[in-house]
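This document opens with one chain alone, in structure tokens, the form predicted on its own.
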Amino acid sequence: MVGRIEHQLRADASRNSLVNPELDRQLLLDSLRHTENSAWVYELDDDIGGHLYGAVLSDRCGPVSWTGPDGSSFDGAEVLDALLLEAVREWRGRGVKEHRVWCLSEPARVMSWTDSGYSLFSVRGARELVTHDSRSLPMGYSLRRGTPDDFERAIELDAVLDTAQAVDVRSKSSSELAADQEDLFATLNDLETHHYVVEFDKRVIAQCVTFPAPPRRGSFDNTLYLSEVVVDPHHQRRGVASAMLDAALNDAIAKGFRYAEVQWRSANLGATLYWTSYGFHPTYVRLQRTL
């Protein structure tokens, strides 16, 4: 199974230069040997034709099964269906309500999952960092680092981002809203987080949060993660976001970061157009299915 993962990761990297083909074979072997979650293999004539692994983790909506880029391989749709048949049976028995998958952003690979009842949820994009001249903000706008006094406005801009991503903020319960605010507060107060804000007429109208991306399969070391990138609708299409990001990424380059990653909802066409025009290329997509 580890051999299949190694082969698939190398093949994925040959198709997409922003995918990191490196992995620690021994670490992967040890983690699979000691995991409490099940892994399935499809065997035919003493040969493995596929594998599937899902880590069952707690989520706000209950137990959820996650399959990362190294968690599946299959030689054909019938192999995937056979693996899912067994996996879903066990997951349902453990109370899992949803299966989430990260797979290479390649039409054939994505179609294998959508044909099995999965729907696209989000896209992970990456780009190599190269120093370039920062674009200037329009007249009247200014960029600075965020402070604790900006937290309430950060919450308001987070709601703007939710709306752009077709998230109905009004449908969230008070506990969900409180959890979102706690997550944002923890992020902004992390020592490795940088919070950039843009002001106009002494009011914050845009923000961007950056922090080192956690280690994960397919991503390179020294990768910066971008989050909470949003501009108030009344100030959009004026170059504010690009000027803010230019400054943030040049700061990251000065600190030794070599790549940047961002994630956006696949249903958000505006985000897709913006991030790809800014130089980010899709690496992986997240799909999900209700069990």
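Note that this is a predicted model, so its numbers are computed, not measured. The first residue of the sequence shown is number 1, and the count goes up from there.
Quick note: we don't show the form predicted together with a small molecule, though the next part is all about it.
Checking 114, 134, 187, 165 against the small molecule in the predicted complex, a heavy atom within 4.5 Å turns up for just one residue: 165. Checking 126, 197, 161, 213 against the small molecule in the predicted complex, a heavy atom within 4.5 Å turns up for just one residue: 161. Contact between residue 18 and the small molecule in the predicted complex is not found at the 4.5 Å heavy atom cutoff. The small molecule is not shown here, but in the predicted complex it comes within 4.5 Å of a heavy atom of residue 264. Using a 4.5 Å cutoff between non-hydrogen atoms, residue 222 does not count as a contact of the small molecule in the predicted complex.
Within this chain, residue 239 lines the site of the small molecule in the predicted complex, having a heavy atom no more than 4.5 Å away. Each of 230, 274 and 277 comes within 4.5 Å of the small molecule in the predicted complex, counting any heavy atom. Picking from 40-48, 248-256, 22-30, 230-238 the stretch near the small molecule in the predicted complex, with a 4.5 Å limit on heavy atoms, gives 230-238.
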